[in-house]
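Quick setup: one chain, the form predicted on its own, written in structure tokens, and binding and motion questions come after.
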Amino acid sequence: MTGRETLLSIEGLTKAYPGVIANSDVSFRIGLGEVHALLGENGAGKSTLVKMIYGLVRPDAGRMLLRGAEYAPADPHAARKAGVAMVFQHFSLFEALNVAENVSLGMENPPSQGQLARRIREVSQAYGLPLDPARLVGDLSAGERQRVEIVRCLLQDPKLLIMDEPTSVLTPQEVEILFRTLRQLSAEGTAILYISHKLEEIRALCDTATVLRLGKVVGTCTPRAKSARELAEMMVGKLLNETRRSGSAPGAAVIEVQGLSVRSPNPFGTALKDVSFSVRRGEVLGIGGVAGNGQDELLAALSGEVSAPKGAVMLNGTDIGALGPNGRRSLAVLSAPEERLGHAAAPDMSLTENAVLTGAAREGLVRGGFVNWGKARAFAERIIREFDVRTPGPGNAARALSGGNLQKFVIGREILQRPDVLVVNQPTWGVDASAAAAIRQALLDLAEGGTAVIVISQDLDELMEIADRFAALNEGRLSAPRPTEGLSIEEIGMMMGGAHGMEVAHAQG
């Protein structure tokens, strides 16, 4: 933070909850106009720290100074009044209201709707985030909704803007627009505290990074002087294994999807429209896209939760579209949905019972209608051991696990059943860097053994790292899969934005 006047000084902040110390003696500084990254694994203490800065949580010890004066906001209203604004990862917008109405709800003293509409147009144009104040929020894309949140903050002239995972719902082009805006704000003297698990973005955008581990500051660095791997290793405190890509050529097509069109079981979901692709033995197909474009529906159609039209889903030349999840599992078509608790796992059931839910047939855990609990427990213990699931034991309820540990259990449960086809949605969402590397390696090892792997993810870096081919979902349509090697970020962004041209209609495996 060389050469910058200090805006916010954090000195020895500590916050404890029953059984856990969220932050322990945290100290660092943010300069005027500085883009400062806050890095750390899940559970490192990032969320608690920014909640203290924004007035949502009171620290147990330590102090903060804003422009040299004591700063101890009692609530977010006090934080905003002092010049601290925050854009949360999950938007707080009302879909039935228009942009101006939503913006006014988050302001301390909103002007008239006419004046506010003019100010929204002025500010959104000035920062390259064009918005129509009269449009209903329900009609906006995820990127446009984020603009509403940012413009609402900018109208209050913040000196510090906190951003929590701001690019998780954006296309690459929208990310570039956001970065231009943040650089403009920085040049005008607004400091930005930036939280993201996307390390290449941190390297491209941020001036300084403070790294948290287990609630403590373990280092400060200049991100662009470090590689993404070095930043990840600072976060986890150990060297990470390199992910290996298979050099062998894929085999014959295992699963073929042709002209798949299905309605969403969710009234707010996205119908699949004429989706076509195939995946070969030993191949990883990566499917990207902004959330809400048909990812859940595609997994449901492939797993058997939703029936597919005749001839739309073929396994080794046999139509399996009418089979339910158990029928497809018996044929070694396995899946792991994005929603861990409630969909992938039953919250109040033990890990052993959750192992039985999907492993009964392939692991021989049920015979004559009776569960072999000894065998089921051994299977659960194997998952826990091989995927480093942090839990007291297989008798623990699924809801007692952290999100990252439950994800390791769910993914491990499917991988250890030796699938011929594995479909996973957001395989490393919410897990730390070392666990994410292990899951990605397990998926590659599975493909190396001949499994056809379909990875649906919003993490483009992940897909580029492990996938042989890439396709993008947009409003329920899938672009033609293309080899990941040589694919540019601009091309990926166009595919995600729906600019597929005639490729959509002629998508080939």
Partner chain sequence: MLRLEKRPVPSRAWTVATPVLAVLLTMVAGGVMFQLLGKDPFVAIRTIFWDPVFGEFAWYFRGQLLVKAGPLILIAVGLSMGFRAGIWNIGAEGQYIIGAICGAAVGLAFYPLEAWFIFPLMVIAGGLGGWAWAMIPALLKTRFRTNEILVSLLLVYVAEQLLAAMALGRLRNPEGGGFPGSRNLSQYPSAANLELIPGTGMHWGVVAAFVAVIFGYILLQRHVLGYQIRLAGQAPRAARFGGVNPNRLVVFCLGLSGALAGLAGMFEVAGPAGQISIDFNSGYGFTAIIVAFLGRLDPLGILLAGLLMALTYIGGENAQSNLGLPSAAIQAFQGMLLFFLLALDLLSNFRVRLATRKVKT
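Positions refer to the first chain, counted from 1. This is a predicted model, so every value here is computed, not measured.
What follows is about the form predicted together with its partner chain, which we do not show.
Residue 400 is the only one of 252, 322, 400, 136 with a heavy atom lying within 4.5 Å of its partner chain in the predicted complex.
Put simply, of 356, 439, 199, 153 only one has a heavy atom within 4.5 Å of its partner chain in the predicted complex, and it is 356. Looking at residue 369, you'd find a heavy atom of it within 4.5 angstroms of its partner chain in the predicted complex.
Taking the partner from elsewhere, residue 335 is found to have a heavy atom lying within 4.5 Å of its partner chain in the predicted complex. Under a 4.5 angstroms non-hydrogen atom cutoff, its partner chain in the predicted complex has residue 373 among its neighbouring residues. Residue contact with its partner chain in the predicted complex: residue 377 places no heavy atom within 4.5 Å of it. Relative to its partner chain in the predicted complex, residues 60, 329 and 349 are all within 4.5 Å by at least one heavy atom. Just one listed stretch, out of 138 to 146, 204 to 212, 335 to 343, 380 to 388, contacts its partner chain in the predicted complex at the 4.5 Å heavy atom level, and that stretch is 335 to 343.
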